[in-house]
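The chain below stands alone and is given in C-alpha cells; this is the form predicted alone.
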Amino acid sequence: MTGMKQYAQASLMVTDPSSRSMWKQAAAIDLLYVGYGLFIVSLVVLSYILGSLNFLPHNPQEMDLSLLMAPPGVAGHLLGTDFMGRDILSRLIVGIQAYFVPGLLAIAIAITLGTVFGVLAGYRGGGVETAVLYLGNLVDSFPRLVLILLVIAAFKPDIYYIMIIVGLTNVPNVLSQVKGKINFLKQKNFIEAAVALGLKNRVIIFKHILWYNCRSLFIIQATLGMAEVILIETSLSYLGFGVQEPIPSWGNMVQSGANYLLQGKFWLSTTPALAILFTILGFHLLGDGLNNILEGRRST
C-alpha cells in the first residue's frame, strides 16, 4: 500500500501543471521576449486574414506607370511603390501567404511524425527504438538544401513541395526531444507509477506524457519552426527557386529591389528585408522566451 502511494505521488509530481506559477517566476526579459513574439504572431495572422479577404490598401498586382518607384508616403502609398508602380505595403501583406500555410504544413508534418516515432522509440524501446533511431539518423544525414533542390528539379518550384521536405527533415529533431522527455519520465518512475495505478497505455501516452509533459515542447518547436520556414522560403524566393513573380514573396521583393539600391531607391529592398528580419526575430524570441519560462531555464 505504501508503494502504491509513492507511485501516485511520483505521478502527480511530474504531471501536475499547476504545482507552481511559472509565469509569476519568469524573468522580465523572457516576458519581454514573449510579448514581442506574440505581437509579431498577431500581426502576421491579422495580415494573412486581411490578404485572404482582399482587405488591402491597393491591388497588389495593379501597376501605375506614373508612380514608378515612388518614395514612401506619396499618393497614398504608405511604403512607396516598386519598379512597376505596385504598392509595396499591399505586396508585403499578400507576401505572408507565401510562407504561412505552407509553414503550418511543415510544422504539422514535423510534430506529428516526430511525436509518433518519438513515442514508439521512448515508450516501446528495444528493437522498435533501434529501428526508429536508425531511420531518424538516416533522414538527418541527408543535406536539406540538396533534397530541396532535387525536389525543385524533379517537379517545379512549388512552395508546398519544398515545405514537405522541410517538415520531413525536421522529424528527427522532434523525435529526439519526445524520446528524451519519455526517458526522463522513466527515470522518475512516472510510467511505472501510471501502470501501477491501472491507467491504460493510450491514457498514459496522450494525456500524461504528450499533453501534460510535451505540450510546451510542441509550442516551442512550432514557433522556432515557423522562423526557420520564413528564412527558407524567403531565401529560396530570393534565389529564384521559391515563389515566382508576379506572386509576391518577401524574398523575391528583396531580389527585385536590390538592383535599384545603388540608385538611392533603398525602400524597394530594405522594406521587405526589414519585414523578414523583425518577423524571424519575433518567432525566435517567442520560442526562446517560452523555452525559458515553460522549461524553467531562467527565473527572477
Partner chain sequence: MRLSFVRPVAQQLFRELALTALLLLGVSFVVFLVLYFSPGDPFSLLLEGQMVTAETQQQLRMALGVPEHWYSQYLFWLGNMVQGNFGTSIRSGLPVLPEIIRVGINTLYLTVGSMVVTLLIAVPIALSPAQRGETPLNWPFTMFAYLVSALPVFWLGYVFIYIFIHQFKLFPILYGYSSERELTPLFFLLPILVLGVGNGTISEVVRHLRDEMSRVLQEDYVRTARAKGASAWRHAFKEGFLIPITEIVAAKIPFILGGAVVVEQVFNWPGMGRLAWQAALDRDYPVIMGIAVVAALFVRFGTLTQRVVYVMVNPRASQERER
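Positions refer to the first chain, counted from 1. This one's a predicted model, so the numbers in the text were calculated from it and none came from an experiment.
Unshown form predicted in complex with the partner chain; subsequent notes refer to it.
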Heavy atoms, 4.5 Å, the partner chain in the model of the complex: which of 112 to 120, 97 to 105, 147 to 155, 83 to 91 makes the cut? Say which one.
147 to 155
Answer key: of 160, 211, 184, 142, within 4.5 Å of the partner chain in the model of the complex (heavy atoms) is 142
Hey, in the model of the complex, is residue 46 touching the partner chain, heavy atoms inside 4.5 Å?
no
Proximity of residue 50 to the partner chain in the model of the complex, heavy atoms at 4.5 Å
no
When the contact criterion is heavy atoms within 4.5 Å, does residue 137 count as touching the partner chain in the model of the complex?
yes
Does the partner chain come within 4.5 Å of any heavy atom of residue 254 in the model of the complex?
yes
For a quick check, can you give me the residues of 224 to 248 that have a heavy atom within 4.5 Å of the partner chain in the model of the complex?
228, 234, 235, 238, 239, 241
